Ligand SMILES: Cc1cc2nc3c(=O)[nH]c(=O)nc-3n(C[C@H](O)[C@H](O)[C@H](O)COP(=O)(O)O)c2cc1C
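Okay, so here's just one chain, in structure tokens, the form predicted alone.
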Amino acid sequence: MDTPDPLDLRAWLTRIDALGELRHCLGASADLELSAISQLNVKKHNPPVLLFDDIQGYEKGFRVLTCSTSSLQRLASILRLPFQDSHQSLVKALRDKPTQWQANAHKYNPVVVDSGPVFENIQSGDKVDLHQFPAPLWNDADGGQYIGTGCSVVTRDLESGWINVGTYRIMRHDKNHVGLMMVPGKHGHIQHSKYIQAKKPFPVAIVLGADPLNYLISGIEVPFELSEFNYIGAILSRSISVVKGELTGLPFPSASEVVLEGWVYPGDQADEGPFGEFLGYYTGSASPAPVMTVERIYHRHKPIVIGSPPSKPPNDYSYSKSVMRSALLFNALVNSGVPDVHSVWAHEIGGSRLFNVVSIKQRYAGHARQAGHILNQCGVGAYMSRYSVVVDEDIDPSNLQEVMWAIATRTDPEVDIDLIKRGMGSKSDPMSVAYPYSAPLTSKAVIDACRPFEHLHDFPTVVDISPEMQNQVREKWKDLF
């Protein structure tokens, strides 16, 4: 069935296949093997997207897609940005976009349509059976099988009717119940709390597969009471088409692959987790979480579930988080008045939060310290910002080897490392077990790895091939490089 919906995953996969970035994997087990293949894949340079079929124990054609946002060109494609030749060019192309998208979102209300490919198959009542869809065991110590990792959870505010779309992990309990982990403070959790206080069932629709833009945006900080569907419309410069669920009336993309619809009834809870976290640790144990009763399943023929689990970085989605946060940090520095910011990178090894680097061209005494402290303490950077590093413009912040070379050769530990005490930490931080305070407060370090300002003109010259010569050689000797 043809669809005008720009969030059609299959249309996006056709484009990615044309770029040579799609690989088919047949016969994997959903019990750790699928996950292991995906995790090894993202550690490669320019990892392809993986489409799993013939998954052991599941009907052929019931598929899982992983590593969708794990490469430079795929992420540019998802964000509808032009071809980019480096991480930094992608960050710069993205820099001012979030502000523009937010400002224009009100122009792109979703368009409600009567039908779409998502309605090709409908199950209700006793026909509902979540076991037909692959729900991998992603890591050894996970508390169960997770059907939702690269998903989007659609909910509605009880008072205003505001539609929120968030990415929350979904644990399969049985044939018609799932655990819904919504972290306190997240928009979905706030909405759920209102229904529970009013003793009313909480309506939920979970999109398990769509164009990756859908779950990418549902996993970032979109302002309170702004619907992610509007925000996505601003990115696409066109409204998305949605259908409404038969039970809840909640909207979801008309070309969705799989949608679970139902209710969280007051008092329905069960243990959920543990689940591997984005920093590569288990920082929580099994604990009670809302249980959703799935009363309708809608899905396309040969449906595709998107998997995007956290794990020790680099993981399935760590690259996209790094790019998105790097652009936000770049804007924060410039908007705070820091001049000559060349590039910024929020490193995957720190979950795009714990280890951030900015390169600048030093213009005045104290410039590097100013940049480092703002990088560490600005609104988008303060949470869990353990290390903030400032380097000169000849260093690529995304190249960890160059960054560590600058730290090793351009710092005096006694004078070039500033400590900030009682900064913003998190219970998700594995070091929280050693926090000296009952509140999540932690120390932070700002490392000035720039050449000393007073010695810019007599600091030893770097031994290296010029960028121009490197480009000439790479072009002439393509087969070698």
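Position 1 is the first residue in the sequence shown; the rest follow in order. What you see is a predicted model; the values in this text were computed from it and never measured.
Unshown form predicted together with the ligand; subsequent notes refer to it.
Note that among 125 to 133, 251 to 259, 81 to 89, 187 to 195, the stretch whose heavy atoms approach the ligand to within 4.5 Å in the predicted bound form is 187 to 195.
Proximity to the ligand in the predicted bound form, taken as a non-hydrogen atom within 4.5 angstroms, holds for one residue of Y298, Y215, W138, W345, which is Y215. The listed set S241, N176, T167, S77 contains one residue whose heavy atoms approach the ligand in the predicted bound form to within 4.5 Å, identified as T167. The closest non-hydrogen atom of G233 lies beyond 4.5 Å of the ligand in the predicted bound form. Within this chain, M181 lines the site of the ligand in the predicted bound form, having a heavy atom no more than 4.5 Å away. Interface residue remark: D142 is not counted as part of the site for the ligand in the predicted bound form, having no heavy atom within 4.5 Å. At a distance threshold of 4.5 angstroms between non-hydrogen atoms, E221 is in contact with the ligand in the predicted bound form. Against the ligand in the predicted bound form, the set E228, Y317 and K321 is in full contact: each member has a heavy atom within 4.5 Å. No residues of 16 to 30 lie near the ligand in the predicted bound form, the criterion being any heavy atom within 4.5 Å.
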